[in-house]
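Just one chain follows, in the form predicted on its own, and it is written as structure tokens.
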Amino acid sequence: MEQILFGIGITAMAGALATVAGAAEDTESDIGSQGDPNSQVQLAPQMGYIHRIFNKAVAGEPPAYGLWVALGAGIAWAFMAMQINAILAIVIGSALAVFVQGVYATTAYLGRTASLAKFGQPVYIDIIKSVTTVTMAHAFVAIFTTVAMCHLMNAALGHPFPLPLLGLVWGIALGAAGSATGNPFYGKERQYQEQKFGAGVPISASGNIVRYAEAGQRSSIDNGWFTTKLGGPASGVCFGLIVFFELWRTVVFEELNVWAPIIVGVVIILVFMVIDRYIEVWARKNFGPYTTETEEAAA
């Protein structure tokens, strides 16, 4: 019983760390414009819309964070093998991983923006100076908390996987959670605020992202400020629940039977499928399909 209670406590702590990691990851990717909506950032200059949005989509978020978290976890693992304090080792590993992230971000922005030179898109030096460091700061929080979470699984719960492999697996999961949860908010609610809610993005509006803020041109810092209000926390809750339920079902039900955690996991997935379907049907019934003002007047 004491072992189960201890495991639940570690599970709760890991879920809290995962929540912070998910929020930081989504904010970092939105500021750097690394997710799916970045296709419109890349397309905008080709359609004649010059902007000041950072463009660092060197890879999708799952493989990118799989690399960075695995790198931070691997370095921390090596330092801990040298009998260095675990917290210090994780800090050093995360810092070195963030250095790699910063190099990738800088080269990606310069390379992708330089390829748009024939469309008149300039490279803004002040954007590199101001945005790169902000993405690195958020990436450090995401990497540090994820590596710390993996260390808890390894050291406290006795997970059989080594720390670098855990970092790779959970780094991919972290990137996937942010990409699936927070990116739609950044793309739909921020890049295309000029489009009416529910109208979608017609082909004629491709690349016509919002480029001007309340005062002057909009920057990626403005986008980060906006998405931290909903997209970031939603991604954090998503990843936190994934980690919590994954560990909880194992800690609580593994003692009963080897198949019990698997069955509980399937039940949790089915429950969330029912909830998701209910919310979708409710939204469609209450809001209905998008209609133009002319159609509404005729109705």
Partner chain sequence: MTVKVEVGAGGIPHNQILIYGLVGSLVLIYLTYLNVIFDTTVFSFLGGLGAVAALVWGTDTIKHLCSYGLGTGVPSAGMIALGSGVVAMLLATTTGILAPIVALIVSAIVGAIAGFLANKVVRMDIPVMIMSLTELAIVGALTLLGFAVMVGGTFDFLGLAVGTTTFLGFTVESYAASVIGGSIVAVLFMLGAIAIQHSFNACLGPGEQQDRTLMLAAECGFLSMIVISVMSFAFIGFIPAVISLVVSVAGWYYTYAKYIELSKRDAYAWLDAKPILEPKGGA
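Positions refer to the first chain, counted from 1. Just so you know, these numbers come straight off a predicted model, no measurement behind them.
FYI, the form predicted together with the partner chain isn't displayed, but the following is about it.
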**OP:** Answer with one of 262, 256, 270, 50: the residue that has a non-hydrogen atom within 4.5 Å of the partner chain in the predicted complex.
**Re:** 50
**OP:** Find the only residue in 86, 117, 137, 205 having a heavy atom within 4.5 Å of the partner chain in the predicted complex.
**Re:** 117
**OP:** Flag this candidate site as yes only if 104, 110 and 126 all have a heavy atom within 4.5 Å of the partner chain in the predicted complex; otherwise mark no.
**Re:** yes
**OP:** Considering the partner chain in the predicted complex, find the one stretch among 188 to 196, 221 to 229, 156 to 164, 175 to 183 with heavy atoms no farther than 4.5 Å from it.
**Re:** 156 to 164
**OP:** Considering only heavy atoms, tell me if residue 82 and the partner chain come within 4.5 Å of each other in the predicted complex.
**Re:** yes
Original post:
Is there a heavy atom of residue 77 no more than 4.5 Å from a heavy atom of the partner chain in the predicted complex?
Top reply: yes
**OP:** Decide whether residue 66 counts as a contact residue for the partner chain in the predicted complex under a heavy atom distance cut-off of 4.5 Å.
**Re:** yes
Subject >> Heavy atom of residue 217 within 4.5 Å of the partner chain in the predicted complex >> reply: yes
